[in-house]
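Take a look at this one chain, the form predicted on its own, written out in structure tokens.
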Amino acid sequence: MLVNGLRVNDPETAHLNLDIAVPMDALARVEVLHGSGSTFYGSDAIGGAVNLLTERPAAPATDARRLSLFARSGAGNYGSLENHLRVDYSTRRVAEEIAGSRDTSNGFMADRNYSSNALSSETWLNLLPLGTTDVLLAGSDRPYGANQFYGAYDSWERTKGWFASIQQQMGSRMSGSFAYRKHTDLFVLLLDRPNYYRNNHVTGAWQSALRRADPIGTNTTISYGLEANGDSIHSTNLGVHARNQGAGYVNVSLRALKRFSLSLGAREQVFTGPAGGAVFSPNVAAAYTLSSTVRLRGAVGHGYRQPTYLDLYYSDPTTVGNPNLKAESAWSYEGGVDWTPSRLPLTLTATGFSLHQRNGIDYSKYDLSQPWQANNVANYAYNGAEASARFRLPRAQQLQLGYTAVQATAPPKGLISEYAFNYAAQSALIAWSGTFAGQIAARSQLAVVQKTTQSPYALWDVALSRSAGRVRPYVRALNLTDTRYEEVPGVPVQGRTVMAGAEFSWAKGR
């Protein structure tokens, strides 16, 4: 997980990788890298990377200034409330964005209430001849009921996060960055007996990078850089630990060699800690334009992941770590075709992929009454394929169809796997969106998922909103059919959720 290209993965546990301090309203877009991403991003990008990107407010063309405000407020079942706010200010040399959000719910079952709060400030300065200075500060506070999360217990948890980063352009080809992330996790096993068993984990992580890209000729670019990062934990359960990493990478991109393009990358990373050592991660990606409408592509890459502190040291009645865990590694392979017929309003894509893992980290057991035990799975593989079709229809409508199938090496007989062998073996999607009368936007999405341990279940989402004007009412329904399902064995997920409210936008420029 990345924010503006900077790591936000949690060193305590991967459960908290999405506990991001930056409010969602501050984000402008999301980039997803499929396949191994360790060549570019290091440890944890074993199956790819998701980069959450903010964006500078539009700068006026002259010395004028612009101020805008966006607010959203809504309510729904389970006592759910949402309140979001974003304020943008920009001039030619300075821009500022402040975003905040608060989402609360009484919960769909006992001890599943939550309060999710986040606040951020991002400043862009064009005061130095080197280029833009980007400073991001963010914080979050999220208490929530964790009933059934870690077994048959009415648990409770509260996380807090702080994130600060500065990125500086050094001319048009070079940039430097530094970031620091602090995260706390207070866990109570029994809500009605909070002093029976509780943990307090505090993690800190820093990172720095120097990156440069140079053109070589007309169609070739070489990108390279140096990175250093470290993390530490002070925990009542896990103890006190720290580790550091350093890396160098290089990537050569050859574009438009007639119909052929090629990317070659490599990374050498050295790290300390129980699973310390050095890892070399190469990556090769290529594409060939077969015709004006057909494009072939393929990629091969190496990825790896260090165990988290929880994987190594945690111990409670439901989960047991393993200090002897090795880092997991994998080779990923994929190949596909894209077809965009010139006379038809559609795009078709198909991809086959294979991920071969070694020493994969999993939690497993042979009886539901036993605790989850961290262990390395010696060797296993995922093989699969996915296909999608996008149709552009009249009146700004779009229809999307998708299907994915995955098959993994069979687990040992009787093994209950929390992650490695508990995956979506098949999933299908049909989604439609359209705009009517110039102002009414509608979306509908139906997904059918079959996990290896369950029967298929369907999830239907619908949304309707006004797409123009200063005040924009909206309503959305998630899991409209009220499907009862579990993504992790023994952990029920929320049923039908309906939210309705209004968005307000205002802007003034001079």
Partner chain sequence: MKASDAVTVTTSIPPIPLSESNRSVVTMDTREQPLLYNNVTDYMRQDTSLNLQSRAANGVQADLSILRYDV
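Owing to the predicted nature of the structure, the values given are computational and were not obtained by experimental measurement. Positions refer to the first chain, counted from 1.
What comes next is about the form predicted in complex with its partner chain, which does not appear here.
Its partner chain in the predicted bound form comes within 4.5 Å of no heavy atom belonging to residue 482. Although the partner is absent here, residue 28 is a contact residue: one of its heavy atoms lies within 4.5 angstroms of its partner chain in the predicted bound form. For the chain shown alone, residue 15 is a contact residue for its partner chain in the predicted bound form, at least one non-hydrogen atom being within 4.5 angstroms. At the 4.5 Å threshold, heavy atoms of residue 357 reach its partner chain in the predicted bound form.
149 is the sole member of 271, 163, 149, 314 with a non-hydrogen atom lying within 4.5 angstroms of its partner chain in the predicted bound form. Of the listed positions (184, 261, 232, 199), a single one reaches within 4.5 angstroms of its partner chain by any non-hydrogen atom in the predicted bound form, namely 261. Contacts of stretch 439 to 453 with its partner chain in the predicted bound form, defined by any heavy atom lying within 4.5 Å, are made by 441, 442, 443, 445, 451, listed in sequence order.
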